[in-house]
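There is one chain below, alone, in structure tokens, taken in the form predicted alone.
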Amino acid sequence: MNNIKYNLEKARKYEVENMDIINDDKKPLIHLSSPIGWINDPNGFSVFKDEYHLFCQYHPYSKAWGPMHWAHFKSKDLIKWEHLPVALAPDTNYDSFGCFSGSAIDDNGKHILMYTGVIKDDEKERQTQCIAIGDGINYKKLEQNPIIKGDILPKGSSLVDFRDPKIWKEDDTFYSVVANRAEDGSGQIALFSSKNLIDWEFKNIILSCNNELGKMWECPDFFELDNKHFLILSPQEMEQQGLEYHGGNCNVYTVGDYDKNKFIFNKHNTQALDYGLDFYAPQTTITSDGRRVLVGWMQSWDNHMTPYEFGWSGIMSIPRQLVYKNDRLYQIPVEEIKNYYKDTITIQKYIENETFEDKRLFSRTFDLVVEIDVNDLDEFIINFAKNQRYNTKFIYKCKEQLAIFDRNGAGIRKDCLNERKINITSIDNKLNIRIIVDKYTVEIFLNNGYKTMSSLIYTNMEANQISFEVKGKSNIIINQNLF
């Protein structure tokens, strides 16, 4: 049965004819966002021909999830992104229901995209792995697709939930980890290898959920950093576990040792990656200067709240360098962001039981770093995206060592979750708070990236005031960089 409804030419033509109706003034300033329609998971994050390439799950025809295409962007500095024509469309029998998430590598001057092809006929769905090869603009799907089918998985593995390949190459061999649902109904990560990109061999299940960390795992990313191996996962159907893991669609990483000869990953520790309200499906790449950089989709499947009047939906996070220290993955905004600073305001002040405002501190596009002395402090609040009607807050309760992101006053027009709490301890009686706001995005980095909280607000842009509240007393250093 042939149910192909979409093709590349149609999608590219639609973009050209309709993108002009989108008001770019409403879009984030330094964050990659949808050109038109809907984007979600970052895909194919890679370096090719000395430029960064990032693809996204894409439905250009509406601002809602639909048959998945691949949107395409490139950048020289990870901050300013150029939109390129659609890279993939669901236009073959093996991917007619969608070109789902995947990854990319540069192999001797060829850009290799590996993705999940989905078919759905007569209520029967199958997910398989496919490859397209291109030159950075145009990509041709292999005639041999699909190159990995579910029939080579262990007995009882799902043929429906089998997706999101992450490809890499070591010496003369290609490898890929793929998310799958095991016989017990929970997630597992399968490893495959190939010498030629066409003939693939199942090697091992490198990690199983055993119903301990959500159910189905999505968007695996497997890499080495500082002599450790890391597996990033996006679990579905998570149950909340204190303040470490929130419910629903979550994101975690596990660190351990990998035996490359036996294809065994021994995990040591698992933690949440980002504690915000809107962060999912992160993917990493390695830069030409050796940094491991991560980008995530700033949206929650459970709290989709793009305003009705917007003609687009979907924002990616600021790319973040990963650094492993103190038994944790730190996330630090890439240094290139500093090239976009326009003005810097520095304030150092002793405050005791008061609300502090400075007329110079206002904006909806800023990188704010605040260091507080918590020794004699009970509570500290940063108010932003604020006017007489609206207000978003970062709150730190010193005695409880509790940080709270609160967007209850952000003017959200849905009944959705608006608050998230995490534990964070001060260092030498000081807490470092970095908040990057880009119109609708709020990315909070605590203690230089030890923990992060990424969330969205769609507050009216006229709400641009910033203020500080102190209960107790503290020396405060404020640095605000405007974009």
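Numbering starts at 1 and follows the sequence shown. No experiment lies behind these values; they were computed from the predicted model shown.
What follows is about the form predicted in complex with a small molecule, which we do not show.
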Mind telling me which stretch in 225 to 233, 310 to 318, 211 to 219, 141 to 149 gets its heavy atoms within 4.5 Å of the small molecule in the predicted bound form?
-> 211 to 219
Touches the small molecule in the predicted bound form: Ser101 (any heavy atom, 4.5 Å) | yes
Hey, in the predicted bound form, is Tyr253 touching the small molecule, heavy atoms inside 4.5 Å?
-> no
Just to confirm, Tyr458 within 4.5 Å of the small molecule in the predicted bound form by heavy atoms?
-> no
Does Trp65 make contact with the small molecule in the predicted bound form, using a 4.5 Å heavy atom cut-off?
-> yes
Answer with one of Thr452, Ser46, Gln57, Ser33: the residue that has a non-hydrogen atom within 4.5 Å of the small molecule in the predicted bound form.
-> Gln57
Partner-contacting position among Arg292, Arg407, Arg163, Arg364 - heavy atom within 4.5 Å of the small molecule in the predicted bound form = Arg163
